[in-house]
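Just the one chain here, laid out as structure tokens, in the form predicted on its own.
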Amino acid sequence: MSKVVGPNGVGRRQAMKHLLWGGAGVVWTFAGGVPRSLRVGEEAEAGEMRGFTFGQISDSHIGFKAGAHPSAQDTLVDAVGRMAALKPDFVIHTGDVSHLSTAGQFATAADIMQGVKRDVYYVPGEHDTIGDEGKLFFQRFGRGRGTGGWYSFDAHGVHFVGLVNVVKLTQTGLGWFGPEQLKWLGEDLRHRSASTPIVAFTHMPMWSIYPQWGWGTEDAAPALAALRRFGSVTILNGHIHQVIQKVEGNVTYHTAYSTAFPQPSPGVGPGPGPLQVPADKLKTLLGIRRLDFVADRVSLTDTTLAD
């Protein structure tokens, strides 16, 4: 059984038409291997954090500016300031750092992200791989050694896996891990105890939210098969610029807000893309997330940049 909570619930050129519009900070704390989140923007809570804390930022789209929307640079500065106040151990960025994969946009994003004053772990979005399959992105942000950019690390008893599903897209615009990465994932997880908490993070969703818009990953099934034996699996992604949650057994999926612009609800309107909203409403659709895990109870709270 699964539970989904959300709003209103071909070639590469066509795929990129959809994917070029394909969410944004989350603060997490781990105590005794159990994930728990804290409210972003409340300094009092920063001093009360116990255990292990990390942040998530997504879809900053540096270089984007349209209509009434202010520079995406300005809204990322806002999100980073809120994140820095929480003093997380490190931060994860789940892709679309840039809007057009230029060296200047990557440099600007990296400079702003220094404001969190913590190490940042990145995975690319499809906007970060335009024209060069992510060469510039991986030169600046990559951590994978001798791979296609995927990697893992351990922190306080939690195993983190950064996956890449945007370099090779399917003809229908869905994400794609590919056999080499899937084989690596199986080997990476093989000798780990089933009691180890797992956090997997990638850009495009690992579950089919709306395949017609490329909102899914075609070969996610074998990756999920490798993850399901673990008692606690949290999967984080960006790409769709809105909050949707799915719970499927011991696996929870969480999409994230963008720090740049909102997108329409799945299937609403002609396709994905920046959602035009009144200027005074924009920050109510951009934001950061609070996620609390206490034993077997999960509480999810999202805070917008307007709060």
Partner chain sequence: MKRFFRRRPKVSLLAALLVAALCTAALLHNGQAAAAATSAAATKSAVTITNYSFHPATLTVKKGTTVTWVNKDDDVHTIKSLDGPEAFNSPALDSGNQFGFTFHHAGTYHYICSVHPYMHGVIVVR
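Positions refer to the first chain, counted from 1. The model shown is predicted, which means the values in this text are computed figures rather than measured ones.
What follows is about the form predicted in complex with its partner chain, which we do not show.
Could you work out which of A155, A85, L100, A194 is the residue within 4.5 angstroms of its partner chain in the predicted complex, going by heavy atoms? Going through each option in turn, the one that passes is L100.
Residue among Q212, Q114, S71, T147 with a heavy atom within 4.5 Å of its partner chain in the predicted complex: Contact with its partner chain in the predicted complex is made by Q212 alone.
Is Q139 near its partner chain? Define near as a heavy atom within 4.5 Å, in the predicted complex. It does not: once its partner chain is placed as it appears in the predicted complex, Q139 has no heavy atom within 4.5 Å of it.
A66: heavy atom within 4.5 Å of its partner chain in the predicted complex? Residue-level check for A66: yes, a contact with its partner chain.
Taking the shortest heavy atom distance, is P270 within 4.5 Å of its partner chain in the predicted complex? Heavy-atom contact with its partner chain at 4.5 Å: present for P270.
Close approach of T170 to its partner chain in the predicted complex, 4.5 Å, heavy atom: The answer is yes: T170 has a heavy atom within 4.5 Å of its partner chain.
Segment that reaches its partner chain in the predicted complex - one of 155-163, 171-179, 186-194, 115-123, heavy atoms within 4.5 Å: After filtering at 4.5 Å, what remains is 171-179.
Going through 76-95, which residues have a heavy atom within 4.5 Å of its partner chain in the predicted complex? Please give them in sequence order. None of them.
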